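Next up: just one chain, as C-alpha cells, the form predicted on its own.
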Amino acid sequence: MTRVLVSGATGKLGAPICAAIAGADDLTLAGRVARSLAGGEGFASVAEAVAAAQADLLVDVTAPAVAEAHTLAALAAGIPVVLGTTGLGEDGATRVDAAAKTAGVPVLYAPNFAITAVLMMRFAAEAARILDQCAIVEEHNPAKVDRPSGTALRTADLVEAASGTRPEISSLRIEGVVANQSVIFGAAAQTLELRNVTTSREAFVPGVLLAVRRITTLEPGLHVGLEHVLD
C-alpha cells in the first residue's frame, strides 16, 4: 500500500483527490494537510505531516506561493512529489530538480491532470510541426491565481519546440468556467482548433491517481507533464 499525503486537502481539487485515495484498494490516505486542519483531523503544514505520517508520497495542490516550499520539504525527507500547483517558474523548477536529484527521488509536475488536456497538448505539438501559425486561448474561473495558466505555458513550450515560433496566449477569467483551453492553428483558407473543456474538477482525479501509481517508474529529478506516465 502506498501511503499518500495530500497538501491542499480541503480545497476544490484536494477534497476529491483525498476521497479517491481513501477509496482505492492500493493506496492509503496517510494524512490531509491544510492550514484549516490545525489541531484537527490532519496537519497544518507539510513539514509537520512529513515528520509524523510516515508517508511514501506527497501530492500538492495548493497555491503558487507555497508549492515550492512544500515540495522541497518533502524532498528533504526523501519523499517523491506529485505537484499539481502551477506557477512554479523557471527558477523554482531548477531548484526543485536539483533537490530531487540530491534526494534520489522523482518529482512529477503536471500543469494539467486531465487526460484530454494532455492529449490536446500532444496533438498541438504534432500539428505545430506542419502549421507554424498558432494562438492559445485559456479560460479559467476568476479564482485562478496564475495567468497565463500552467497548461497554456506548457502548450506554448511544446508548440515552440516543434515549430520554432512561440504562440500568443490570451487568458480569460470568467465565472462558471472550470478550465478550458483552445489551441488554434491557421493556414491558407483553413484553421484547425484543438479544444479541451473541463466541466468539473473530478476530471483531474484519474490523472492524479495515475501519477501517484506510476511516479516511482521515473528517474530522480523533475519531470514536467503527465505524459511521462501516460503511455
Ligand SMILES: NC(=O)c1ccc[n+]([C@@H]2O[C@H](COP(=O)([O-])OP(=O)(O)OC[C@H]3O[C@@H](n4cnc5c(N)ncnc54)[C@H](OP(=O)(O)O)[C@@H]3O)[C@@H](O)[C@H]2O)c1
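Nothing here was measured: the structure is a model prediction, and the numbers come from that model. Numbering starts at 1 and follows the sequence shown.
There is also a form predicted in complex with the ligand; it is not shown, and the following applies to it.
The ligand in the predicted bound form is not approached by residue 80, whose heavy atoms all lie more than 4.5 angstroms from it. Contact annotation for residue 139: none of its heavy atoms lies within 4.5 Å of the ligand in the predicted bound form. Interface membership of residue 144, defined by any non-hydrogen atom within 4.5 Å of the ligand in the predicted bound form, is confirmed. In the predicted bound form, the ligand stays beyond 4.5 Å of every heavy atom belonging to residue 212. Of the stretches 200 to 208, 22 to 30, 158 to 166, 180 to 188, only 200 to 208 has residues with a heavy atom within 4.5 Å of the ligand in the predicted bound form.
When the ligand is considered in the predicted bound form, only one residue from 66, 47, 194, 53 comes within 4.5 Å through any heavy atom, namely 66.
In the predicted bound form, 8, 9, 10, 11, 12, 13, 14 are the residues of 1 to 20 with at least one heavy atom within 4.5 Å of the ligand, listed from first to last.
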